[in-house]
Structures are given as structure tokens and as C-alpha cells.
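Next comes just one chain, in C-alpha cells: the form predicted on its own.
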């Protein structure tokens, strides 16, 4: 919305150790978007418990570095997960463990907030620093350090405000939703899994010249004869597959429990200097029927423009 002033909390360069890289049941890599919005929501709840009435309404994540803990030896065809067996049991032996993918991250968070005055911002920043140092986890990993958080105002449509934010986030890659690629492919007859793999597969081919010299080349799917960008699979929510009810030993006894499966779609890592609006990188919660989603306003606007009639969005993933 042109002219809207967004109040943003920037937490730069958070170093996360051993974050959960198992972003969905069948993909590993950058942690799921649900993990980042979940961490921001947990931070808000802890701030509220300290009598700071802040409301975090949206968040974006910018990756500066990622070290996926995998190993590929010489002549290996696939990579293996580097596992750990910590802590050791009381006899000093390594305990049984479930193999899980981990990664070390350097990320920055951009959080839109409300319900805080200018005079209360210093108190907010002190409390955020204290909580991150004390006991917060992000994406299942431990926070090792971070640069001092700060607040800025960014008015939509004001170039100077956008440039100021971009400089604070560079160099890095913001995670953008690309649900539109899935929709286009599925409207052309592909099923969801084929549409997903089609943009991720790397095709290797060889050419042989007149002298018999063989040259190998690799390529990925293009978009309008141009590289499609740094396209990755991302988990953006859950689909409830059972009725709400009670389960034995559920974590929260006051909240109904239900089984759910992950929703995986396509995303793109894009450098902040290429975004046109701060809204392009912000994610928000959305619930519709059995779907619990993290989504971006730009993708919602594209979906409405494509089909202005109200309909279920379940078929878009």
C-alpha cells in the first residue's frame, strides 16, 4: 500500500548452530518458513510475558551464509548426512540417535511490529537482545551471536527508505515465495510433484564434435528463455489430515491436537537490491480450512488477479 509506514525491527547476522535442515519429510536444506515465523512468534510471546505489548505481524528472512552438514567422499554419487550422537550416556558410550540433517546459518530477520511507541523502542531492543542471549532457539538451533538489533521506519513507495533497508541486508539472499511457478506448470498439465522437480532437476548432456571430442554441459529449466533464478523447494505450512481432538501426552493440554502433513512449494533466493518493495520479502500467517500457511502478499495478489472468483487454494501447492 503506497504511503504506508512500516515499523521494522532488524536483527542482523544471527549465527545459528545446528539448525534443523530437514525442512520437510522429503527435502533438506534451508529451514522451513514455518520455523522462522515460529521463532518470531515465540519471541513476541516472551516479550509480552515481560510486559512489552509488541505485536509482530510479519517477518522476512535473509540468508548470508549456510553450511549444510553433509559429506561427499571421492567417487561417491550421493551426499551423506553428518550425524552426531551427543550427549554421551552415563557410561560414556554413544547413545542411539535418529539421523537428522543439520546446518549452520548466518541470517538476518526483518520483523514488522506494532503497538510500540518511539519512546519504548530502546526497552524493546534491550529485551530482544536479552532473550536472544538467554534462552531463545531458532529453527531448532542454538543462537551463538548476533549483531545489535535496531528499528527503522520504512514508507512504501519512498526509494530512500527502501535503499536504506537494502544496504542493511546486503550481501545476502532474501527468501521469496514462487508459488506462481507451480500454478503455471500445473495449469499446463503437470502434477504437483512433477512441477516441483521440473524446476529443481539439473540436466547433464554431452556433445561430440567432428574430432570426437566430448563436451559435457549442465542446465536447469529456464523461464522465458532466461534463467529462472535460484529456485529451491521450501516448506511453507501444514495441511491438517485428521479432525481436531485430544492426543495422549500432547505438548499443550489446552490446545486441540490434529495430525498434519507438510506443504512444499517453490521459493527463490533473491538479493535484497532486486526487490521493489519491503512487502516483497515479508511473510505472514494465513489459515483457510485445513491449510495453515506462511505466505506473501505478492503471491496472494497474483492468485487473485489470475482467478478473481473465491476458490480453494489447496490445489495451488
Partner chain sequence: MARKDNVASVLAFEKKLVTSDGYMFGTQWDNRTQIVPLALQEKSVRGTISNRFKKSDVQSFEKDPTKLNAKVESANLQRVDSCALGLEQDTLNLQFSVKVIGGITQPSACNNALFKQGYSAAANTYIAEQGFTELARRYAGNIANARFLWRNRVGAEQIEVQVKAKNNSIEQAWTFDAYQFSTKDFDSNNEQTDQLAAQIAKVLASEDDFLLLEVSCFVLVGKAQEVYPSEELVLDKGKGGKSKILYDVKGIAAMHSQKLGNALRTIDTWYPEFSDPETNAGPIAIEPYGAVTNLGKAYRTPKDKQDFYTFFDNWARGEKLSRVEDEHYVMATLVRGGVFGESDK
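Numbering follows the first chain given and starts at 1. None of these values were measured; they are calculated from a predicted model.
Heads up, the form predicted in complex with the partner chain isn't pictured, but that's what we're talking about next.
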**Prompt:** Where does the partner chain sit in the model of the complex: which of 172-180, 196-204, 140-148, 223-231, heavy atoms within 4.5 Å?
**Reply:** 140-148
**Message:** Just to confirm, with a 4.5 Å cut-off on non-hydrogen atoms, which of 168, 132, 186, 116 contacts the partner chain in the model of the complex?
**Reply:** 132
**Fill in**
Interface check vs the partner chain in the model of the complex: of 290, 65, 268, 280, the one with a heavy atom inside 4.5 Å is 65
**Request:** Examine residue 255 and determine whether its closest non-hydrogen atom to the partner chain in the model of the complex is within 4.5 angstroms.
**Result:** no
**Item:** Proximity of residue 218 to the partner chain in the model of the complex, heavy atoms at 4.5 Å
**Value:** no
**Request:** Determine whether any heavy atom of residue 302 comes within 4.5 Å of a heavy atom of the partner chain in the model of the complex, and answer yes or no.
**Result:** no
**Item:** Contact of residue 92 with the partner chain in the model of the complex (heavy atom, 4.5 Å)
**Value:** yes
**Asked** For 39-61: residues with a non-hydrogen atom within 4.5 angstroms of the partner chain in the model of the complex?
**Response** 50
